[in-house]
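Here's a solo chain for you in structure tokens, the form predicted on its own.
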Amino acid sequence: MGAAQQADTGTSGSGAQVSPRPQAGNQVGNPQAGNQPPIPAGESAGVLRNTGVGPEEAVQLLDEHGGTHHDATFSPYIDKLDPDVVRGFYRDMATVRRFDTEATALQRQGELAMWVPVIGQEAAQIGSGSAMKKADYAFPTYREHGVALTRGLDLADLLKLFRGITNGGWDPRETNFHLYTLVLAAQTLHAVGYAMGISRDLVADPTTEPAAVVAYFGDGASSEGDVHESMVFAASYDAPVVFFCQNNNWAISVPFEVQSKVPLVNRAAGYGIPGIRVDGNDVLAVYAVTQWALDHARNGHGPVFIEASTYRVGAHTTADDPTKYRMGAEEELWKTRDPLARLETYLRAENLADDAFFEQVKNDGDELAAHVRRVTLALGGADIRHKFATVYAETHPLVAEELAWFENYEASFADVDTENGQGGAA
């Protein structure tokens, strides 16, 4: 018996009922005839109760040592997962981490204007994204690279925005994965509006496939008014939307304890909607609670708020330096809760994966990284003057002044090169 089995109180990895990717069809319920009961109060750790949830409480099915735990409400969502699905979770998390490393390197080499790292949050994104069905729709912020992978995007497309080639990079209608939103929390309003559209479509045509929306945002965005307005509206009209907050503990340089005196999940009570706090580094738990929440929304019971407790290991973006505002000991503590390491421990202990599997995952990741680099370099450079020309419909004196400053700045590099005998512009 492996270590995971010794710690197991009910979860196992056998059977074949759930796909690693969202599937069309086989939807549950009808928004006008809900059939899923609410979560029984007090039966699951991390589920909002009348007294609220404490800072250490969270739904956890796989701990940092690779041991499994049973939860009466959420374990059934993973009890019969096919081992291929669980291996797929690991493969996807490792893939997006390798992609993230390559994108960071491209930015440091001057090929991207900026990059938004995701290392540490892979479980929150792969778990929630994998719980969605094809008809569901995701509204990301600017960091949901793992969710993009689960929705079938070519990850190289994500870099077009950060290279300045385009304001988008993909057609959201092809994957039901919306464009990145750089304005903090604005996408939560868009998500609720889209969810209301889903409800209206079902009223107009009851044969329409039921679907739900996932609105992603971070703990920093939770302090924005847009999030509050979104939740009020969604609760008032039972919009089929799941608010998925990745609480990575830092809003750039502001720690979470400054942003909120209580776990964010406790705010759900104020809106009258279910709230679930989940270990965001536990891909199995995230997958289970998101499936529950999506079923709840599709069945016509209205919105759900999920707080995924995780940690941003790296910088907020490549434009900041986290060593200036947080302690190294904190980073080292969270590294012991690494989402990939705990799942690898579980897979090895249960004899669900061997060295050959992990070596293949690594090789596939390197191949993807080479693809991303090749595609990005082939994009060419951004035409910055086109950006200045399209800020306003007509010529604006301030924009013209800023363009003149930029051109002088560019020309200064040419002067330096000439003095050095190199010639040409930088």
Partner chain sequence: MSTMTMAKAINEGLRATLSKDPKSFLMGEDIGALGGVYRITEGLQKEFGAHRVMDTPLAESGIIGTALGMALRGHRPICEIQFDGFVFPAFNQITTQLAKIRTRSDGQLSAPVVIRIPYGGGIGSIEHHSESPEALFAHTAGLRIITPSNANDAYWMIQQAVECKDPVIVFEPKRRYWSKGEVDTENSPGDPFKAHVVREGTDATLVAYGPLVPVALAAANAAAEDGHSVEVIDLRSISPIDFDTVEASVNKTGRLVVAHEAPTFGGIGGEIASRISERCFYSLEAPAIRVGGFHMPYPIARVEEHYLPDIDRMLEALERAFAY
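Predicted, not measured: the structure shown is a model, and the values here were computed from it. Positions refer to the first chain, counted from 1.
Same protein, other form: the form predicted in complex with its partner chain, not shown, and the subject of what follows.
The stretch that touches its partner chain in the predicted complex, counting heavy atoms within 4.5 Å, is 176 to 184, out of 176 to 184, 303 to 311, 338 to 346, 68 to 76. Among the residues Val391, Ala370, Ala400, Ala378, the one placing a heavy atom within 4.5 Å of its partner chain in the predicted complex is Val391. Checking Glu332, Glu257, Asp171, Asp321 against its partner chain in the predicted complex, a heavy atom within 4.5 Å turns up for just one residue: Asp171.
Taking non-hydrogen atoms only, Asp238 never approaches its partner chain to within 4.5 angstroms in the predicted complex. When its partner chain is considered in the predicted complex, Phe139 lines it closely, a heavy atom lying within 4.5 Å.
Within 4.5 Å of any heavy atom of its partner chain in the predicted complex lies no heavy atom of Arg385. Proximity of Asn167 to its partner chain in the predicted complex falls within the 4.5 Å heavy atom cutoff. Each of Tyr194, Gly197 and Phe233 comes within 4.5 Å of its partner chain in the predicted complex, counting any heavy atom.
The pair Leu179 and Thr390 is at least 3 angstroms closer at the CA level in the predicted complex than in the present model. Note: the CA-CA distance for Leu179 and Glu394 contracts in the predicted complex relative to this form, by 3 angstroms or more.
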